[in-house]
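Single chain ahead, written as structure tokens, the form predicted alone.
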Amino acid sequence: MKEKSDPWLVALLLLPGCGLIVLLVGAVVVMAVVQSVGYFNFAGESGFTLSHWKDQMSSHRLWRSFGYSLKIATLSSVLSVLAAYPLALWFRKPFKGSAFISSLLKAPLLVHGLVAAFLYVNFISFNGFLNQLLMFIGLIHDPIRMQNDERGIGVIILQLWKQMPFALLLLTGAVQAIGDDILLAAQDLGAPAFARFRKVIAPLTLKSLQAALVIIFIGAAGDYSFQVIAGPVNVNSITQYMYIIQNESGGWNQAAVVAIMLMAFSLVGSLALAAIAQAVVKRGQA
């Protein structure tokens, strides 16, 4: 007979690790909330006020930063998953050299984002390798400006390079966990390759897909290093904007408002993306 685990015992075992995480995260969130309403102002007088919220909610620059960060985070997470899925299916059955290729694809996980951003800028800079190559083969006569493009394409490329291996790691494990008998049964019933993916593989890997989307979205929304090195100069990300208002005017309280909005934005945006992914997969099953 299987013994039932005591929920209190499980909670007690999880307390040392989870309790510390909850305490530290909770302290940061509480500090940001308190600062956003006027307390703990390190650059001036402290006292309860909602003026910081009013100032930021009416800031056109803030909402422009939100729109830009939403675009970067959404495209980065969706493109990373779309690029990782075919590779995960390719690596489902080990073949000669698959471990080596998989290791190369996952190598960006070991490279710090700031280092990757500098390498990318050196590659696409005005006198960088890419411009030199294009001029050497005769496609262009003079260097073209690709660094700090206005649409943030460089940042999306960096996010895709950095985040796709993480999505690949999650999806490969989920795809490999699907039994051969399930796919063979679908094939025997006449389902072509795309139908098997749509009706069998995608539903069975949905949880890993959602986890990849959520984690990548949150990371891209809160990224700072890629934005500073390779991002556009005509618009700021949320993290850049938060740093600017704190650094230029000593606005600790207003920066706390932006921090709370960034946390809420990351949570709501990632959950919405996960819900959309679930709806798409469910519709594909129909």
Partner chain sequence: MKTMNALTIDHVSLSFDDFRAVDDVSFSVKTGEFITLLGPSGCGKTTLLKLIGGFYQPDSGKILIDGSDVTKVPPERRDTTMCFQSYALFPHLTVAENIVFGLKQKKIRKDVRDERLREVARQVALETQLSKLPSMLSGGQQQRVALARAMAMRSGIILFDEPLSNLDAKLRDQVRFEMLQLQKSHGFTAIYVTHDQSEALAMSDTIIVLNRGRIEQIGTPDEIYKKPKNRFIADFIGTANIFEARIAEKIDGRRYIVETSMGRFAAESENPPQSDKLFVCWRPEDAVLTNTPRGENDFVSHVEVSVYQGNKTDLLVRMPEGHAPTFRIQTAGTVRHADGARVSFHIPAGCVKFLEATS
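Positions refer to the first chain, counted from 1. If you're wondering where the values come from, they're calculated on a predicted model, not measured in any experiment.
The same protein has a further form, the form predicted in complex with its partner chain, not shown here; the description that follows concerns it.
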query = Is residue 195 close enough to touch its partner chain in the model of the complex, meaning at least one heavy atom pair within 4.5 Å?
reply = yes
ask   = Could you tell me if residue 185 has a non-hydrogen atom within 4.5 Å of its partner chain in the model of the complex?
value = yes
inquiry  = At 4.5 Å between heavy atoms, is residue 150 in contact with its partner chain in the model of the complex?
reply    = no
ask   = Might residue 79 be said to contact its partner chain in the model of the complex, defining contact as any heavy atom within 4.5 Å?
value = no
inquiry  = Exactly one residue in 200, 175, 211, 146 has a non-hydrogen atom within 4.5 Å of its partner chain in the model of the complex; which is it?
reply    = 200
